[in-house]
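The chain below stands alone and is given as structure tokens, in the form predicted alone.
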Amino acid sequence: MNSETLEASLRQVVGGSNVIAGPQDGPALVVRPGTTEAVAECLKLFHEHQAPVVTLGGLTGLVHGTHTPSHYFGISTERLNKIESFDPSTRLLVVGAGTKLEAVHDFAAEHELRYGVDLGARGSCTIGGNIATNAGGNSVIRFGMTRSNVVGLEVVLSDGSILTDLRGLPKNNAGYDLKQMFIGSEGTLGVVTKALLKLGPRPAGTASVLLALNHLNSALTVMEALERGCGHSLLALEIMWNRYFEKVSTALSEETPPLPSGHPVYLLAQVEGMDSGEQAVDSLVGALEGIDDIIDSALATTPVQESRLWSIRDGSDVIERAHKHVLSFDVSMRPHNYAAYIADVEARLKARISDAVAYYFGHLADGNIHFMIGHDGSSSDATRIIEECVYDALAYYEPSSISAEHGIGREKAAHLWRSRSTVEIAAMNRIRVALDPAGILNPHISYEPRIF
């Protein structure tokens, strides 16, 4: 590979100002094409020169997928950020892969609609990145993962071929549904350039409630009551354990937190009312009526009140700032196994790395727990020890996964065998070879079976 020749050719394709220095811990050189055709020309050059390449979106990923050796090249989707088209009759929206999630929400709101995927990083994450990781978020219980909200894709393959399916047909069984292969593939199969997203009706109002509970079993009782009483109007159901709730609510609240800390478990639920905000309140209150397990509660019926409650759930950056080192985990399992699993992890951490402090929160109904484990770095082997404490314990709970919604990246590649069989991993690698025979897309991430 002649890097100087390649760089000169890339400048001709995207313009000199759009060949820039890469991010820290990433590729040294990044190109910023402004069209699908320019992406295709860049990939043809990378393919011709056998140059390793990684796709860069909002750089909000949590598994180090864009951390590469410096000799790699990057393709940024930053300039692919346009709202391309919108069909009001079908509520289908075509956007560039570099469009921020928040921009999609803003566009939907202007048309009295909404997009089902929402994350705390909405202001910086991109639609292309959401698609690459099959992002989840707070409303999976109502709208599903990103996969359920994407109707079509445009993708450039490693040799520069452009695969386009932006038809938006509700029913199309003419062969394979190819878009599903790229959703969640983390840039290993191609570069997403456009997406066709489905929008839905915007509710007239929402209401949220924060509940203090004594035990996980109480949280499961509340979950069943809300699912039964609210049905599809239940938008979100989040769980926070006390250590997380206390740390974040104390740091964020200039005034007294909405509920006192010290209770073992906190639930945060949100319900919508399609006709009125009062309908949401009535649905929420009615579903919870008669449940004796609730110790304390704080009801939010205005956007300002709801924002205050949700800032606690979305305030994980408080944990990041509270410790010298923080490792994040994202596991899934059946909700009734949460308590035993967390107790198991706590015991393992206490026995092996005494300075570790674990904070737990997540999506109750989705079976998804987020761990943030802080430590002071006194143990040089802290990362390996903490990963073993989290993942070795997970093996006792089936079914389970090492990655509920964050993806694999570099951080979890060595643990993929814990959640995928040898046959599954072999199939993944066959698909990669078929679509990227030269192996130029994300070669720093390999899918390997367990090595004994």
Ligand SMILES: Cc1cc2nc3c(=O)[nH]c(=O)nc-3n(C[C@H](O)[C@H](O)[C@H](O)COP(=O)(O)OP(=O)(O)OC[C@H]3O[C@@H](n4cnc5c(N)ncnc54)[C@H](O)[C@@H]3O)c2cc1C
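One-based numbering along the sequence shown. A quick note: this is a predicted structure, and the numbers were derived from the prediction, not measured.
The same protein also exists as the form predicted in complex with the named molecule; that form is not shown, yet it is the one meant from here on.
- Taking non-hydrogen atoms only, Pro27 never approaches the named molecule to within 4.5 angstroms in the predicted complex.
- Among heavy atoms of Ala132, some come within 4.5 Å of the named molecule in the predicted complex.
- The named molecule in the predicted complex is not approached by Ser249, whose heavy atoms all lie more than 4.5 angstroms from it.
- By the criterion of a heavy atom within 4.5 Å, His375 is excluded from the residues contacting the named molecule in the predicted complex.
- Contact with the named molecule in the predicted complex, judged as any non-hydrogen atom within 4.5 angstroms, is confined among 43 to 51, 383 to 391, 420 to 428, 403 to 411 to 403 to 411.
- Site residues Ala121, Val192 and Asn442 are all in contact with the named molecule in the predicted complex, judged by any heavy atom within 4.5 Å.
- None of Cys125, Ala280, Leu309, Leu226 but one reaches within 4.5 angstroms of the named molecule in the predicted complex through a heavy atom, and that residue is Cys125.
- Residues of 45 to 84 placing a heavy atom within 4.5 Å of the named molecule in the predicted complex, in sequence order: Val54, Thr55, Leu56, Gly57, Gly58, Leu59, Thr60, Gly61, Leu62, Gly65, Thr66, Thr77.
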